[in-house]
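Presented as structure tokens, the chain that follows is alone, the form predicted alone.
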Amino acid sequence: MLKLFKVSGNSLFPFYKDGQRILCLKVFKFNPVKKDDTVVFSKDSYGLMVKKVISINNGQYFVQGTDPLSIDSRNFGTISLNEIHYKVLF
């Protein structure tokens, strides 16, 4: 399933800019999340977020933005696969 999202903020600048639209594919078994993928996920305190997968360890994903002030795994820790909804295609 494909979904279109609109980026809000600059946490992944210059790859994705504020206001840019991104096309995403729902995460299923046939398209596993890998290191360096960009993903859309839910975090209770923050809502939907878009970040890059930096590392995967024991099924836990460390996600990070390119902006040093980005709110990401450096703030809230790793995320699990069930929190990841989509992979960014372009």
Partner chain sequence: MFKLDEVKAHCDVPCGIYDTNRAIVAALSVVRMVDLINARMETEDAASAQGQNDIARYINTKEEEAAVCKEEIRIIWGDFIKPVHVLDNPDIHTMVHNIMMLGGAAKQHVSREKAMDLLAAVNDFSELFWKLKGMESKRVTAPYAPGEEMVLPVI
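Residue numbers count along the first chain shown, from 1. A quick note: this is a predicted structure, and the numbers were derived from the prediction, not measured.
Note that the form predicted together with the partner chain isn't included here; everything after this is about it.
**Student:** Quick one: 2, 27 and 79 and the partner chain in the predicted bound form, is every residue within 4.5 Å by at least one heavy atom?
**Tutor:** Not a single residue of the candidate spot has a heavy atom within 4.5 Å of the partner chain in the predicted bound form.
**Student:** Using the partner position in the predicted bound form, report whether residue 84 sits within 4.5 Å of the partner chain, counting heavy atoms only.
**Tutor:** So residue 84 does not count as contacting the partner chain.
**Student:** Might residue 11 be said to contact the partner chain in the predicted bound form, defining contact as any heavy atom within 4.5 Å?
**Tutor:** Yes.
**Student:** Whether residue 73 contacts the partner chain in the predicted bound form should be assessed with a 4.5 Å heavy atom distance threshold; does it?
**Tutor:** No, residue 73 sits far enough from the partner chain in the predicted bound form that none of its heavy atoms falls within 4.5 Å.
**Student:** Considering non-hydrogen atoms and a 4.5 Å limit, does the partner chain approach residue 53 in the predicted bound form?
**Tutor:** Taking the distances in the predicted bound form, the answer for residue 53 is no, it never comes within 4.5 Å of the partner chain.
**Student:** Sequence order please: the residues of 49-74 with a heavy atom within 4.5 Å of the partner chain in the predicted bound form.
**Tutor:** Those in contact are 49, 50, 51, 66, 67, 68, 69, 70, 71.
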